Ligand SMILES: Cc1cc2nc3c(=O)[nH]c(=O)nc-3n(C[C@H](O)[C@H](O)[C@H](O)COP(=O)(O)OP(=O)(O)OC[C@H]3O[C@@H](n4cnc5c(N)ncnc54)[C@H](O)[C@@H]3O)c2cc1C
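Have a look below at one chain only, the form predicted alone, in structure tokens format.
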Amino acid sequence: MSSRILPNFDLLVPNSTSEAVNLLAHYQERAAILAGGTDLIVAMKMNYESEILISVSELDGLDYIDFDPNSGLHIGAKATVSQILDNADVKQHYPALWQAANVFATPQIRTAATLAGNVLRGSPAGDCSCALLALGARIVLQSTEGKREVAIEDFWTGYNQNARKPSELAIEIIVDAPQSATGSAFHRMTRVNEDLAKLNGSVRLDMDGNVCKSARIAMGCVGPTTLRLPKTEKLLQNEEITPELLAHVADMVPTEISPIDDKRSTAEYRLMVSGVVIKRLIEQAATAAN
């Protein structure tokens, strides 16, 4: 049951990244990280408890979004979804991520919610997470022992679970620079814009004319985590995008997902529409690449 009364906790506000990771090393599983708080505070109202909250509000230098044609996109862990939406480089070079940010919750939540928080939450309905999976993002984690990068397809280990160790702080998301003929697209299906997705999908294509050289396809709300669709990706590789191929894609997609019935949709409906969603996204991404 939801409550307006939060459980008791101690709030720690470190002034540097090194101080934050030292606190995490000390408190380990006893601590939760507070950034935008749009998921954490809701969870605490639903009986989630953490003895310690470590706020990143005073950590300098983590709210950046930097793009370089060679090194790609670097997003600090405090960068909000609103910042993604306002960034011209993201809109131009990573349209799938921009489109996901554009339908993310409400303006008020976008102003507080961080992109890193969306990834760390690990919800299979995460819109920005779905786009980042298609784009091939990497998560940079820092602890007292140093930094490590985790590919996003290896980051989610189960429903609402991820590969971050209790002693680690997520500090950055990296997305490689697009090739000269790269296109991406994102779409979600939902009742109203403020609601969680009943199904979402994202596609990134590297094209040579009308031939797909490589593809990354992601879909959410169809399994315990956001999923890649490797069989569908392989179906596209080195093939010309034709109506016949897209018909095969639409048939293949439902064979790679395992949706369930829940309060937002049914497994039957998700299976029925999944192939059509991905087919349309491939068409959009291919057009954007050319």
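This structure is a prediction, so every number in the text was calculated from the model and none was measured. Residue positions are given as counts along the sequence shown, with the first one as 1.
FYI, the form predicted together with this ligand isn't displayed, but the following is about it.
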item: Which of 203-211, 88-96, 146-154, 188-196 sits within 4.5 Å of this ligand in the predicted bound form, heavy atom basis; value: 188-196
item: Exercise: S184 in contact with this ligand in the predicted bound form, heavy atom 4.5 Å; value: no
item: Non-hydrogen atom contact V175 with this ligand in the predicted bound form at 4.5 angstroms; value: no
item: is_contact(D39, this ligand) in the predicted bound form, heavy atom dist at most 4.5 Å; value: yes
item: Close approach of G117 to this ligand in the predicted bound form, 4.5 Å, heavy atom; value: yes
item: All of A218, G275 and A288 with a heavy atom within 4.5 Å of this ligand in the predicted bound form; value: no
item: Of I84, L132, L73, A170, the one that lies within 4.5 Å of this ligand in the predicted bound form (heavy atoms); value: A170
item: Position in contact with this ligand when the complex is considered in the predicted bound form, options V222, I33, L236, V253, heavy atoms within 4.5 Å; value: I33
item: Contacts with this ligand in the predicted bound form, stretch 96-123 (heavy atom within 4.5 Å); value: V103, F104, A105, I109, A112, A113, T114, G117, N118, L120, R121
